[in-house]
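So this first bit is one chain, no partners, the form predicted alone, shown in structure tokens.
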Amino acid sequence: MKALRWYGKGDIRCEQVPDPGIEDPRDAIIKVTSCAICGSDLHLYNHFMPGMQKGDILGHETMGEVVEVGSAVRNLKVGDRVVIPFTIICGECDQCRRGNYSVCERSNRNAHLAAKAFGHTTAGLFGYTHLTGGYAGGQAEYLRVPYADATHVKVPDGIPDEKLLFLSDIFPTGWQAAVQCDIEPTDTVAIWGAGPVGQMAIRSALLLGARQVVAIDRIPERLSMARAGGAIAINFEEESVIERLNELTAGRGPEKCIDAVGMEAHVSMAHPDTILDRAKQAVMLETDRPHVLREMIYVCRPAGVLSVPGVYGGLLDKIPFGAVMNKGLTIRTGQTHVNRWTDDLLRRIQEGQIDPSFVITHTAGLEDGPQMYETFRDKKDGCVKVVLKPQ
């Protein structure tokens, strides 16, 4: 089969690899009908995420048709149409029973590596670092799904892939980011990053009843999409984020702040801390660029909430924790507990409350994947979200 494989910084190749097969009675094999490139994939593409190995198959936003099931899988059959969440879950451990699926205790086959890095293991993830299991991803013609009886979202026929695919990650990720804010009708929700997750967070915050939502980015196409979704847009290269947010909130600051940027905050001469972060990255004094976290902590209203769906990988410097403590801020983080939200979100799609396909700007074949990675990373050609069609 064809698959997109990682070979190092900026080096993604579409190559022939052996088809996956059943390895465990709880496995299933799906024929991939649609997959996507996620902002998290760019952390691999830019080689900021440790634990990658040459030849790894990428991709964690995938859906398709079941073509084979293991002997222990009772709730799937050949021909079923499924979305595959990016988090692999056993459905049986203590964390899965609590609905904390992204920290499943069993699905990371390299749990000892994750425990060494983070203190405890997290769930296995498709197409990601070997710290999360090193599983082959779904930017391929076929995908082996471990724990397939738990790790799937069965979806109905008659709805296009484009409306359903993002149940695998960015839609529940944006939704969880907003839910974690405990949004009230009087709230201003400020969202840093108007990429795909930020766009989903904007619409989720409005669905959950926020008074006003503010999107902060610098890319005109993203800001235009944010405005179309109902947000007030701030271009941080043209105006002061802090001054504008204070203006929009009568000086009180937003009650809720969402970081949909993560470890690769834009480096700008207007923000000296981002230059210092980049220099420290170069000499291994820190791993991530946390400008957005610093700005959220500064501008958030006292007793507010910071929600962090953006991916961070390691060690951050100069975080003003004194402000966090003295302002009484609540910080909520985490990879997405995808299956906790998908029944509700699938219903909202079916009822027409939201059509997540609005975010797609580019569709291409799998063989065009390497070029699409570059287009997405460099935000060329108005690119906000790429969907790949392997078949």
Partner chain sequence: MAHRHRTRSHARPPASAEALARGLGWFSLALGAAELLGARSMARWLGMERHESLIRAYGVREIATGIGILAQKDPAPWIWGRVAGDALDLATLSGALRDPKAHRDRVAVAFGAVMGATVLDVACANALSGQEPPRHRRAVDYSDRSGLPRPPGQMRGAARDFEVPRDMRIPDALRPYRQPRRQERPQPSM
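Residue numbers count along the first chain shown, from 1. Every value quoted in this text rests on a predicted model; they were computed, and no experiment measured them.
Note that the form predicted in complex with its partner chain isn't included here; everything after this is about it.
query = Since the chain is shown here on its own, which stretch among 62 to 70, 318 to 326, 35 to 43, 336 to 344 would lie within 4.5 Å of its partner chain in the model of the complex, judged by heavy atoms?
reply = Every other range fails; the passing one is 336 to 344.
message = I have Ser102, Lys116 and Cys300 flagged as a candidate spot, so tell me whether each of them has a non-hydrogen atom within 4.5 Å of its partner chain in the model of the complex.
response = The answer is no: none of the three residues contacts the partner (heavy atom, 4.5 Å cut-off).
key: Proximity of Leu208 to its partner chain in the model of the complex, heavy atoms at 4.5 Å   = Yes, Leu208 is a contact residue.
ask   = Using heavy atoms and a 4.5 Å limit, would one call Ala250 a contact residue for its partner chain in the model of the complex?
value = Close contact is absent here: in the model of the complex, Ala250 is far from its partner chain, nothing within 4.5 Å, heavy atoms only.
request  = Mark Ile331 yes when one of its heavy atoms lies within 4.5 Å of a heavy atom of its partner chain in the model of the complex, and no otherwise.
outcome  = Because no heavy atom of Ile331 falls inside 4.5 Å of its partner chain in the model of the complex, the answer is no.
request  = Report yes if any heavy atom of Arg203 sits within 4.5 Å of a heavy atom of its partner chain in the model of the complex; otherwise report no.
outcome  = Taking the distances in the model of the complex, the answer for Arg203 is yes, it comes within 4.5 Å of its partner chain.
Its partner chain: the contacting residue among Glu15, Asp24, Glu374, Asp19 in the model of the complex [heavy atom, 4.5 Å] = Comparing distances to its partner chain in the model of the complex, the residue within 4.5 Å is Glu374.
key: Those residues of 358 to 375 which, in the model of the complex, come within 4.5 Å of its partner chain by heavy atom   = In sequence order, Phe358, Val359, Ile360, Thr361, His362, Thr363, Ala364, Gly365, Asp368, Gln371, Met372, Glu374, Thr375 come within 4.5 Å of the partner.
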